[in-house]
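Only one chain comes next, encoded as C-alpha cells, the form predicted on its own.
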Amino acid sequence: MVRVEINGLRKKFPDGTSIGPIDLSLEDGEMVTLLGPSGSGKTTTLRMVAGFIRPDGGSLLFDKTDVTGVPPRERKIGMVVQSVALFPNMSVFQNISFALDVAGWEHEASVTRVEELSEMLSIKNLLNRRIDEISGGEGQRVALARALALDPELLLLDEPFSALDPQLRRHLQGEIRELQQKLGITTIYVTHSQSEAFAISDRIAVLNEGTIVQTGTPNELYENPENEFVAKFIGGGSILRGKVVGESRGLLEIGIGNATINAEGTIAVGKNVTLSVKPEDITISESTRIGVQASVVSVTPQVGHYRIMLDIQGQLVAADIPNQDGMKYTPGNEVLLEISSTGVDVIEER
C-alpha cells in the first residue's frame, strides 16, 4: 500500500484555534489511531491528510512523494466518517458502485468489484435494498465498501462507529481490524475512546490541544506515559505530587506530605515529581503495621469491582477493589495502602 510521512503539518483558523505542527509516520500496512478528547485536533489532522483542509505549512509524503498540494481525488484514499453520508436515493449496490461509475469502470467489472466487497463485508444480501431499509451497522459496512471500491492505498476512518450501540461497536471494531490486516491497507483511525483505540491499533498517537503529545503501542502508552495528560487520559491513573527524598534498595523514595511511596526510576534526590498510579496497582493492606496511611472518601460500585477514592495527605487516588473486599469499606474509614512500586510512573517536573 503506502508509507505516510506527516512533517510539521499545521493549520490556524480565523477564531485563533491552531493545530500542529503534526509530525507522524505510518509504515506500509500499519494501523495508527489518532486519540484525544473533543477539540484536540484529530479530525482536522485527518482532513489535512485527506486534502479537504489545506495546511498553512508542513508537508505530506506518500512513499516519499509530496502530495501536500494534490487534490483529494488524486490521493488514492478511501474515507469513512461518522455520518456515513450514503446516497438515500440509491440502492446499496449503487452506493458502492458510485465511485467506480465515476471512474469509468465497465459495468461487468463494476459488478464483480461490488460483489467481491459485499461478500467480504457480509452485505451481499443487502445489495438491492434502499438505504432507509438497512440498519446503522449495515450502513457503516456499506460506507466502508464504498470507501474500498477503488482499492485505495490509504484508508481514513473518522469515528465511524461512535453513533452505534456499544455491543455493535465492539463487534464492528473487530471486523474492521481483521479486514485491515487481511487487505494490508495503511489506515488512520480517529476516536476519542481509549478502549476502541487499544482494541484496533498497531500504534496510537495521543493528541491534546492541537499537538501530538505521545506516540506508541497501546502497551507503551499504558505502562509508560510521558506526561500527566497521557497518564490521566490513557490509564485513568491518579496523579500525585511529591519530591524524591531518598533511595533504598534500588527504588526511589518519594515523599508526599508525611507519607513515602517507593517507585522505580533514576531521578535525583530533591527533584519534584508527578506520580501516576493506576487503580489496579493499589490494594488496601490487611496488615496493621505497613502501608501508606489514607482515608476512604467514597465507595462506588462498578462492573466487577468497587472504585474507592482515597485521600493521601490531601491528594486523591482511586483504587479498584474486588467486590468481596470493596463492601468492607465506607467513607471515613482509615486504611493502609500497598502501592506496587512497578505500577507507579514517575515523571520529573520541569
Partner chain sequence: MNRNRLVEYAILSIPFVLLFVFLVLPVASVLFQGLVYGPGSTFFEVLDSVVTQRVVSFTFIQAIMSTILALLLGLPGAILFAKLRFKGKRYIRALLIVPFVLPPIVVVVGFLQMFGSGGIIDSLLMLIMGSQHSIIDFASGYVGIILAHAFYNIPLFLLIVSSALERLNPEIEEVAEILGATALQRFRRIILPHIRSAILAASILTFLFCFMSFPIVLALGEGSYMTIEVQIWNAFRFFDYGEASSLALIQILITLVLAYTYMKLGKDDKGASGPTAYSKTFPLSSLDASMKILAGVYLLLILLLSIGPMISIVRAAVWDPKTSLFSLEGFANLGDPTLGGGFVPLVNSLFYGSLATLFSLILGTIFAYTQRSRIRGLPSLTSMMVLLPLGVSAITLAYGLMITIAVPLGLSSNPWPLIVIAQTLIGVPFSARAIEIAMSKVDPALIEQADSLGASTLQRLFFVELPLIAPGLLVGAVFSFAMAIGEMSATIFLATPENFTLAITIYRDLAVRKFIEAGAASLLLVAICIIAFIVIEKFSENGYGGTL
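Quick caveat: nothing in here was measured; it's all calculated off a predicted structure. Numbering follows the first chain given and starts at 1.
The same protein has a further form, the form predicted in complex with the partner chain, not shown here; the description that follows concerns it.
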Give a yes or no for Leu179: in the model of the complex, does one of its heavy atoms lie within 4.5 Å of a heavy atom belonging to the partner chain?
no
Contact label in the model of the complex: Gln82 to the partner chain, heavy atom within 4.5 Å
yes
Does any part of Val102 reach within 4.5 Å of the partner chain in the model of the complex? Heavy atoms only, please.
yes
When the contact criterion is heavy atoms within 4.5 Å, does Arg141 count as touching the partner chain in the model of the complex?
no
Can you tell me which of 240 to 248, 169 to 177, 143 to 151, 193 to 201 lies within 4.5 Å of the partner chain in the model of the complex, counting heavy atoms only?
143 to 151
Under a 4.5 angstroms heavy atom criterion, identify the one residue in Asn89, Ser122, Asn219, Asn258 near the partner chain in the model of the complex.
Asn89
Are Arg47, Pro72 and Ile77 jointly within 4.5 Å of the partner chain in the model of the complex, each by at least one heavy atom?
yes
